[in-house]
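Here's a solo chain for you in structure tokens, the form predicted on its own.
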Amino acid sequence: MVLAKFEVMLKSESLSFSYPGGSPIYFPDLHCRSGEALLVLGNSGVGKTTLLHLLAGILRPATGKITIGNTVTTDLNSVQLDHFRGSQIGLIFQQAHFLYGLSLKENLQMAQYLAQKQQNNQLIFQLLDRLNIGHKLNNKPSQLSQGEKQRAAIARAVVNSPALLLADEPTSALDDTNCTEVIHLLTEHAREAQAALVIVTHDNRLKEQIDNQIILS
């Protein structure tokens, strides 16, 4: 399934969530157009990662509605949501999750396979080279530094050209040079693929690079 390109690719309305025994967390309404980046800023503990997990369908909101393209994802059952996420959403977590028995190249090939995409080794190498880790193509994840793992996770998230790209602190382990390259890659992907990009972070370096911003408090 390929989503058509909508003027507004992502919209959330009246979202709230409660962890067991905790007070409800209420989130501002979001909308992000095709080709646009949205920066969600806030200190630790304000719910940035929770919001990202709600948008990805990893958590279910207590109240509210999430629409991606023309699909109301909060109406999908678990199986439908898993399929939709796999084919339409690229996720970059704070901690990269790899298959440690496979090389970096094989991990990205697996991402293509699971999304039922045609294997494209040239694209894999181009992405890794753009992120300055092309020389690590055949290395296992255990042979990568934390910053290299983070860049590899970004390559894996964009390799299938998702309609929605969700990034949780994608630059936290990166120096200024690689931070700039990563943000350029993510925003360029969003623009070229007409995808929506949402980055949640406390990295104030990104304030100067993405104009569309929301602050959680």
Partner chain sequence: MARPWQTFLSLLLIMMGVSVISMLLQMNRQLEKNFNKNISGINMVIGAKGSPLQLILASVYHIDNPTGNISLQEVQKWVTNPVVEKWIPLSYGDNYKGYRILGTNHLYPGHYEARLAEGKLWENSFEVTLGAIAAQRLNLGLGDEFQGAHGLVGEVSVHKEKNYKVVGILQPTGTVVDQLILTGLNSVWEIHEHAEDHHAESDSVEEDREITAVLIKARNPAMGMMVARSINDQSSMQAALPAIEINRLFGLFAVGIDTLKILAWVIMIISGISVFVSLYSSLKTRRYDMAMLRAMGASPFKLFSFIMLEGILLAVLGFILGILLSRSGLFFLGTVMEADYNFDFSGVRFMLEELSLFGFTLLIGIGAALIPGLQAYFIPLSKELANG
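Note that this is a predicted model, so its numbers are computed, not measured. Positions refer to the first chain, counted from 1.
This protein has a second form, the form predicted in complex with the partner chain, left out of what is shown; the following refers to that one.
Note on the interface: of 127-135, 141-149, 69-77, 107-115, the segment with non-hydrogen atoms within 4.5 angstroms of the partner chain in the predicted complex is 107-115.
The closest non-hydrogen atom of R156 lies within 4.5 Å of the partner chain in the predicted complex. Interface membership of I58, defined by any non-hydrogen atom within 4.5 Å of the partner chain in the predicted complex, is confirmed. The closest non-hydrogen atom of H31 lies beyond 4.5 Å of the partner chain in the predicted complex. Taking non-hydrogen atoms only, K65 never approaches the partner chain to within 4.5 angstroms in the predicted complex. Candidate site formed by H53, R85 and F98: every one of these residues places a non-hydrogen atom within 4.5 angstroms of the partner chain in the predicted complex.
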